[in-house]
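Below you will find one chain, with nothing else, as structure tokens; this is the form predicted alone, and questions on how it binds or moves follow later.
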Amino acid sequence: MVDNIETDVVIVGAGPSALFTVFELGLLDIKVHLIDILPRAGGQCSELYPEKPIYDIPGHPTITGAGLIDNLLAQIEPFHPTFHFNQLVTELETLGTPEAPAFRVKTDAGATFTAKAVIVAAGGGSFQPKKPPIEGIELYEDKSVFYAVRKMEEFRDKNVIIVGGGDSALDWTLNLHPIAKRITLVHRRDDFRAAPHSVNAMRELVAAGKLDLRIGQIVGLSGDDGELSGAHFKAGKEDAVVIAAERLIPFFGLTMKLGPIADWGLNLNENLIPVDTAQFETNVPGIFAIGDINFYPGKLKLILCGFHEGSLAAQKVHRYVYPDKKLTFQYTTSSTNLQKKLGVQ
């Protein structure tokens, strides 16, 4: 891993507002790295309603959440943003001055960034995993129990129990199967919400004896000093039995919390970040907030509002990134300079 990544802007979040802001920043020759705790771009559109139609995106009478994210990703391709998924921003340190801001940003994966501006586009906060109701599970967290797969090598040659029935549970069951010693998939019922092709692939492996599927739930853990040796499995009214396992990955869904952002010295209003409506900057010069996480009089939590907010924030960010360069507003319809950046000239 690179010790420190220098960039113009760090965007915290990779939802639709963040993606369109990459486009606006790209037109201004501003480099961007995006950090998101989720495993893919799209925020709520990808995680909560990928196939749900949206009816209030300008120019699209109807478009699904996944379709919107696909289009936004295609739109920012010319600017080559760098994504850092499965990472939570844990620390933000102010390095510069109000006139010349600079920040050091750290993630829980050990990555460090320095940037002249930070844009918080974290929706209602960061998605954080819901924990299963297993007594003492916290004793094993980050040693034997993981709520996301960040390094596949952690699971090589291990007996792994994956709990859940959604896409994440099935995806990682299939992805870890080739390297784990043995995978046991546990779900409370023999009915899965994951994509049908993933469910079919899982069942084929079970039928071939290459994977274990257990219908029931994990009710306890055994081990010492955070090192898991077994999980207590219970099916219906039967007595619990112990399944040997060195790793447990529960996928119980996500919940949204403001998280470490609350400790960054930003003014807060009921877990939202107040901003001015001229440039969507917070009380800390150089830190901006766009999308559902910000607050101002008349705020509407609409995706199109996030697009507007990111566009105006980009104009102010330009002043911090290029303090000696005059910004001349241009239209993509008439500017050959912008069209060259977009690769259409």
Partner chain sequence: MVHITFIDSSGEKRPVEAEEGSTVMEAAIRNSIPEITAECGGACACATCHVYVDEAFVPLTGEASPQEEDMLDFAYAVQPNSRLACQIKIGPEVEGLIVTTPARQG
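Values in this document were obtained by computation on a predicted structure and should not be read as measured data. Each form is matched to the other, and the largest set of C-alpha atoms that superpose within 1.5 Å is called the rigid core. Residue numbers count along the first chain shown, from 1.
Form predicted in complex with its partner chain: not shown, discussed below.
Stretch 188-196 is the contacting one of 188-196, 169-177, 107-115, 270-278, since its residues have non-hydrogen atoms within 4.5 Å of its partner chain in the predicted bound form. With a 4.5 Å cutoff on heavy atoms, residue 132 counts as touching its partner chain in the predicted bound form.
In the predicted bound form, its partner chain sits within 4.5 Å of a heavy atom of residue 217. Although the partner is absent here, residue 252 is a contact residue: one of its heavy atoms lies within 4.5 angstroms of its partner chain in the predicted bound form. When its partner chain is considered in the predicted bound form, residue 60 lies well away from it, no heavy atom lying within 4.5 Å.
Core-superposed comparison between this form and the one not shown: the Cα of residue 190 travels 2 Å or more. Superposition on the rigid core between this form and the one not shown places the CA atom of residue 89 less than 2 Å from its counterpart.
Shown in the overlay between this form and the one not shown, fitted on the rigid core, is a CA shift at residue 263 smaller than 2 Å.
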